[in-house]
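Below you will find one chain, with nothing else, as C-alpha cells; this is the form predicted alone, and questions on how it binds or moves follow later.
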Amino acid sequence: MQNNEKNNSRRNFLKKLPVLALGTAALASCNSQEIEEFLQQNFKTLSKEEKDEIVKNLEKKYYEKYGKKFKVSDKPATEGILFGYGLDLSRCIGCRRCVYACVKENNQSRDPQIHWIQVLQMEKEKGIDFAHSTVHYNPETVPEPGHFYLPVACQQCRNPQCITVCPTKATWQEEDGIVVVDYNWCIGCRYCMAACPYGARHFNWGEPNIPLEEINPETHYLGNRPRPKGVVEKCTFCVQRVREGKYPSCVEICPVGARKFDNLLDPESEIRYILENKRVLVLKEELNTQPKFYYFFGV
C-alpha cells in the first residue's frame, strides 16, 4: 500500500472550493473520482441503484489499490432487531485478545496504530476508577491479583452526543441501533470526538497502514472498509458480521465467554436475561447517553 496516495475525500475537495470559485476551468484540477465523491449524497439518502453503483466503484477502487477482490456490503438493518452488548466483569481476564481480533477484522491501521477497544486495568479495592486505571500492563501475566479489567469501546448510545454535533451529518444511528459513519462525508473536524464521553472515536492522522496480507476484503460500506487519511472511525459492532447473523469478532474470540451479544427486542435473548437477572451498570449513566453496552457481574 502506498502511504503517499492522494486522499480523494470531501475534505480535500472542500479545500479546493476557493480555487473552483474562480471559474469552471478550475475543475481541471480535480479528477472525475474526486468530483463524483464530492457530489455524492449522504449514503442513507441514496436509492438502491445509486448505492449499488457506489459499492461497485469502491470494490473496483480497492482491487486496484490492494490487489485483492473486495466485497463491500450495503446490507441494511433487519426489522425487529436492536443490538445490545453485555460484558461480564467477573470473567474478563484482561488478555486483550478482543483488541487484536477487532483490529484484524476491521482493517484498523497498524502504523500509526489504532485500537477501537481499550482494556483498562483497575484495582479491586478502588472499584471503577478511571483516574487510576491503566492500559499499560503486561497481558501475559493476567489476571493479576487484586485487579480487574474493564474494556471500553463505543457504547452505541441510544442518545449519542457524537451525532448531534456532526456538521455534515456524516454519522447517524441505524434502525438496529448501530452508530455508523459515512467516511465519504466525514470532513475530519473531530467534533464527534470531543462530544463522545467514552473516547470511542479515533482519527486517522496518517494514511492507514495495513500489510497487504492482513487486509480483510469482507467489508461493509458503513463499517470496516478501508478508510482514508483524515476521517474519524469507530466500533460498529462489526456491522459486516452481525447483519449476516454472526457475532462481532471480539465476542467470538473471548476465551472466557465474558462478552455477550444479542437482540434487545427479543424477550428470550441472552442479553434480555442479563438485564433482567444480573447486576448491570452502564458507564457515565449521569450523562443520559443511554448506552446499549451493559457491564454486569455474572456471579
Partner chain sequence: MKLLFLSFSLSLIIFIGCESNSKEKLLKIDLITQIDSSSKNEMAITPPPFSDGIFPCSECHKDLKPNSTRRKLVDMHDDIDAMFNHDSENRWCLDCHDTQYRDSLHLASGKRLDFKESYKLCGQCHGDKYRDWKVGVHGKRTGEWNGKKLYLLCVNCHNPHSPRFKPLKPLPPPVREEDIKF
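Positions refer to the first chain, counted from 1. Please read all numbers here as calculations on a predicted model, not as lab measurements.
From this point on, the text means the form predicted in complex with the partner chain, which you will not see here.
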Sort through 175, 218, 214, 111 and report the residue having a heavy atom within 4.5 Å of the partner chain in the model of the complex.
111
Residue-level question: is residue 55 within 4.5 Å of the partner chain in the model of the complex, judged on heavy atoms?
no
Could you confirm whether residue 59 comes within 4.5 Å of the partner chain in the model of the complex, counting heavy atoms only?
no
Wondering, does residue 49 line up within 4.5 Å of the partner chain in the model of the complex on heavy atoms?
no
Spell out, yes or no, whether the shortest heavy atom distance between residue 89 and the partner chain in the model of the complex is within 4.5 Å.
yes
Let me test this: is every residue among 81, 263 and 294 within 4.5 Å of the partner chain in the model of the complex, going by heavy atom positions?
yes
Answer among 165-173, 68-76, 117-125, 188-196 for heavy atoms within 4.5 Å of the partner chain in the model of the complex: the stretch 117-125
In sequence order, the residues of 249-275 that place a heavy atom within 4.5 Å of the partner chain in the model of the complex are 251, 252, 253, 254, 255, 256, 257, 260, 261, 262, 263, 264, 265, 266, 267, 268, 269, 270, 272, 273, 274, 275
